[in-house]
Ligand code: X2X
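Just the one chain here, the form predicted on its own, laid out as structure tokens.
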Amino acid sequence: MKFRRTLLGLAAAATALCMFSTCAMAQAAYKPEYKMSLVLGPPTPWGQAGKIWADLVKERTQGRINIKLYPGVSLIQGDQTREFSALRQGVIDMAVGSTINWSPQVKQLNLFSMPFLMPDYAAIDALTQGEVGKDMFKTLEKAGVVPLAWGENGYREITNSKKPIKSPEDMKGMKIRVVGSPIYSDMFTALGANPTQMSWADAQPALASGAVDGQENPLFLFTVLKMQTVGQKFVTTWGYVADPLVFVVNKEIWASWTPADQALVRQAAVDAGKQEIVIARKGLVEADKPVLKDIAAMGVTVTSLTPAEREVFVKATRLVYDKWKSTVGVELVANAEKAIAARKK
């Protein structure tokens, strides 16, 4: 009996030691600093998303998880289309990434680049905050990352140095810088333009020299970068696509944290995403749209399409929409269309 008690005591001690060692190993596995990749830094909404998330995580984990921001996708030499692969491989620990930039690796993310799919902000929310968003997260998990929350880069509007754009006819022959996803080349070709794929780092001097006539991006970028100084004198708001952002963590990094810290990081991402979406939409959701007034005050001609004018662009890109349904997934597109049709405006 005494021998049995001794064995039980030794087993309990071993278990306690094992638990202590496991905790110590888990704690030791925490890195002194985690690398977060961003395409844009503060003061853009995208950059603020990363900063808010990092600050909340540091505060809520009491300094156990410290995050350093790497804007300009500097961890991968500025090549934003490589970000997702680098994140999956562990070159990057965390990211607030663009659905557009990651779409070459995760084809379903092209959903958000389907031309004129999302007519208003309520439509974006219907997708990201509903079943489509949940399905997209499952897809990202299968692709090798841990998605936590949605943010927003915003509607991409078109600018150029030549003339106001009110119809596809106005775009004929224009050299337009586009991002590196093939659907964008298809869209601008369908509209009669000459799409040119290049990184944003290369785009700025190309716009300044006149080698490229125009570009498409969220309007906050126009004001932050003062794009009228690189020849962009005409802006057309057409809301043809919007670019949700995704807060993600590398799988191995995620697994190295305790469940309690995982919960804190996840909630921090959700809270940061909500705050960032408000920042991204500021000046554009109000009735008088002050951002457009600010741009006009820079000496820029701002054109807002009427519903009838916009419909001409919708029809001109319909073949592209139909072509990309099979790539994105016919069922996924159908579910997205249903969610948007049922949205509360």
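Residue numbers run from 1 along the displayed sequence. The structure displayed is predicted, hence computed values, not measured ones.
Here the subject shifts to the form predicted in complex with the ligand, a form of this protein not shown in this document.
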query: Candidate site Asn153, Val179 and Asp243: all three near the ligand in the model of the complex by heavy atom within 4.5 Å; finding: yes
query: In the model of the complex, the one of Asn160, Asn110, Thr128, Ser98 near the ligand [non-hydrogen atom within 4.5 angstroms]; finding: Ser98
query: Contact residue in the model of the complex, from Trp254, Phe222, Phe137, Trp200 (heavy atom within 4.5 Å of the ligand); finding: Trp200
query: Proximity of Trp53 to the ligand in the model of the complex, heavy atoms at 4.5 Å; finding: no
query: Exercise: Phe313 in contact with the ligand in the model of the complex, heavy atom 4.5 Å; finding: no
query: Heavy atom of Gln80 within 4.5 Å of the ligand in the model of the complex; finding: yes
query: Exercise: Thr237 in contact with the ligand in the model of the complex, heavy atom 4.5 Å; finding: no
query: In the model of the complex, segment of 290 to 298, 59 to 67, 303 to 311, 33 to 41 with a heavy atom within 4.5 Å of the ligand; finding: 33 to 41
